[in-house]
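As structure tokens, one chain now follows by itself in the form predicted alone.
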């Protein structure tokens, strides 16, 4: 079980939007997901279709010592769909810090509740409140990683620096190491300013920045007003596709790739000589080419590498085109390019097939 806290003390950065839509995307891929709404405003609960005023028990009743409806985390779970569950919030959550002022170990209340949970999940996503108080510290203590949504504004840098100070404090005072990643949100590709901020973010945070970028998309707001993730509202919209890309990136970074099954291989277009892999599996050297001289970085992900986007999947720029060679056993492969955070099919390969998310995968048959 991997616990991901989504936090930023600055409001309006897409924190709850990310919690709602990333969880739905992970569930769509087949992962079992729990969203813990840890914000007293309960926006994540609303975004997943539950009215907080009509919920009898919430995360407050799990963590509070004074609640007359004291319960455990399993008992409050609400099913959004077969793979996605919600632990709803309540306005009473805002009183929790005062209630637990004199309690020993109050910073680990949430982690204790998660660790005692009987229901098994692949990922737990915690939607934190827009501040760096007691609730956020509880979330950081429970998390393996913090995802920090950062909108395209130079003012947003200040909030991140303060959050990183709190992460260091959790490491020193609570003896808990938690990693972090920066997610660029509300990116408007029509504005040169967005690209300037993007360059500054990548320069400041380096490999801690997610390769996926969340673009400005009105469907994300429309879906939120309907109490639904964008994937359930309009799965072909830009917002839904961005968060599916983010889900794939998260999985590829955290989970080891599955070994290649016999008879299945990657997809591309240019095959060369045939070295040997194993005893009786002749392989082909395949050259993947992506023609975009303006791109800053290009990766390839597919069946052959577990859809992982990492340094091993990076293409090299040669004379204005991006190139990578791979030696692959015979079979049939799906693949896509990741160009500056955007997942795209191969423009030079006419062999394509629609995937479950309404996008096109390129296909390669070898042998």
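Numbering follows the first chain given and starts at 1. Please read all numbers here as calculations on a predicted model, not as lab measurements.
The protein also exists as the form predicted together with a small molecule; that form is not presented, and the subsequent description refers to it.
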**OP:** Would you mind picking out the stretch of 229-237, 105-113, 216-224, 68-76 that comes within 4.5 angstroms of the small molecule in the model of the complex, counting non-hydrogen atoms?
**Re:** 216-224
Original post:
Within 4.5 Å of the small molecule in the model of the complex, heavy atoms considered, which of 41, 327, 57, 310?
Top reply: 41
Original post:
So which of 186, 84, 147, 210 gets a non-hydrogen atom within 4.5 Å of the small molecule in the model of the complex?
Top reply: 186
**OP:** Answer yes if any heavy atom of residue 25 is within 4.5 Å of a heavy atom of the small molecule in the model of the complex; otherwise answer no.
**Re:** no
Subject >> Contact of residue 130 with the small molecule in the model of the complex (heavy atom, 4.5 Å) >> reply: yes
Original post:
Does the small molecule get within 4.5 angstroms of any non-hydrogen atom of residue 358 in the model of the complex?
Top reply: no
**OP:** Find out whether any non-hydrogen atom of residue 11 is located within 4.5 angstroms of the small molecule in the model of the complex, and reply yes or no.
**Re:** yes
